[in-house]
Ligand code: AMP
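We begin with a single chain expressed as structure tokens, specifically the form predicted alone.
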């Protein structure tokens, strides 16, 4: 099969890496790609995510499957454009992707289909006075979310009415661009977070290893939200009893609801959860693989990823290609540019990459560039160091041992990725 991967981050590097292991894989192409991805995939000459050019390329190269990594092409309707040309796509339609691209739509959808989530209200920038009244009537903390796509950063927790009003004002005035013209204000759920990735053809689905992301920039889950500073899988917070609740109360009714709305979901449904007193609540839905959860989850997956994604794309999910969703443990540590998720500098040479090359350690590139035989930093999240072992403790130790061999100026990473996972396991 000829495969095209859309995206240029660590998630797409991981998808390319594990898809390339399939005996069905002939050629992998990437748009726009990154230096890590291009160690596996071929370039296309298409520098930006140009949708007409992508469609033309797929026809010329007889692409059998397009895997869309990021949320923006999905919300723009790239999968619809490709399907109109008879091209198989792993990724939902523009309408189905609203489950991520509009927080307000997602909350209203969950209310309609009785999917457990926090109580909420929705306001636009013309309802400032009403929103103030609502904030003053609520107990704090509250969670304020930009309605639109904000690269995983459009969520802020507030501890007082004054703080909530100031955050809301900043959102309405452009803190997250047009994504914040409408906001969701919801009750703060206290509990343990987890993520579930469900691969679906619109009717049937399979869940991959449950994982736990680390969204906050600083150790101890402090500071502003990021796109994710690390993850591990599987998390034993999600036992079989809890997984059954997640399937029956959340995943099945979500997929049935989207089908009922005339927008069946084909792709990866990401379910961000808060576990409160043994009960699962939806914090957010994403319409694609999570980043950096994907790097950890795919690392422990035993089976043919390409065959799984292709079978979903053609409406005939084949779960028999998966032997084991978690054959071990994986810990993924994100190395970022200091200052991320705010202002940061790039263009620094990265040293030590060759010192970490081992079978049980994989480096996925997120924000890198290749200039004159040297890898440089080019983004906020730069590298994802993923280690695999037979216990979570060993996987964490291996990941940090590899991290210590890498250096670039203004390098930053959390020191506690996976640590809370040790609370749920004896391994």
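Source: prediction; values computed, not measured. Numbering follows the first chain given and starts at 1.
Absent from the display: the form predicted in complex with the ligand. The rest refers to it.
Engineer: Identify which of 284, 318, 108, 261 has a heavy atom within 4.5 Å of the ligand in the predicted complex; exactly one of them does.
Structural biologist: By the 4.5 Å criterion, the partner-contacting residue is 284.
Engineer: Go through 94, 207, 187, 346 and name the one with a heavy atom inside 4.5 Å of the ligand in the predicted complex.
Structural biologist: Of the candidates 94, 207, 187, 346, 187 is the one lying within 4.5 Å of the ligand in the predicted complex.
Engineer: Quick one: is residue 236 in contact with the ligand in the predicted complex, heavy atoms, 4.5 Å cut-off?
Structural biologist: Flag for residue 236 set to no.
Engineer: How about residue 193 - does it come within 4.5 Å of the ligand in the predicted complex, if we only consider non-hydrogen atoms?
Structural biologist: Judged by the heavy-atom cut-off of 4.5 Å, residue 193 is in contact with the ligand in the predicted complex.
Engineer: Using the partner position in the predicted complex, report whether residue 225 sits within 4.5 Å of the ligand, counting heavy atoms only.
Structural biologist: Contact check for residue 225: yes, within 4.5 Å of the ligand in the predicted complex.
Engineer: Looking at the partner-bound form in the predicted complex, is residue 215 within 4.5 Å of the ligand by any heavy atom?
Structural biologist: The answer is yes: residue 215 has a heavy atom within 4.5 Å of the ligand.
Engineer: Heavy atoms within 4.5 Å of the ligand in the predicted complex: which stretch among 137-145, 300-308, 198-206, 248-256?
Structural biologist: Of the stretches listed, the one contacting the partner is 137-145.
Engineer: Using a 4.5 Å cut-off on heavy atoms, which residues of 107-121 contact the ligand in the predicted complex?
Structural biologist: Stretch hits: a single one, 118.
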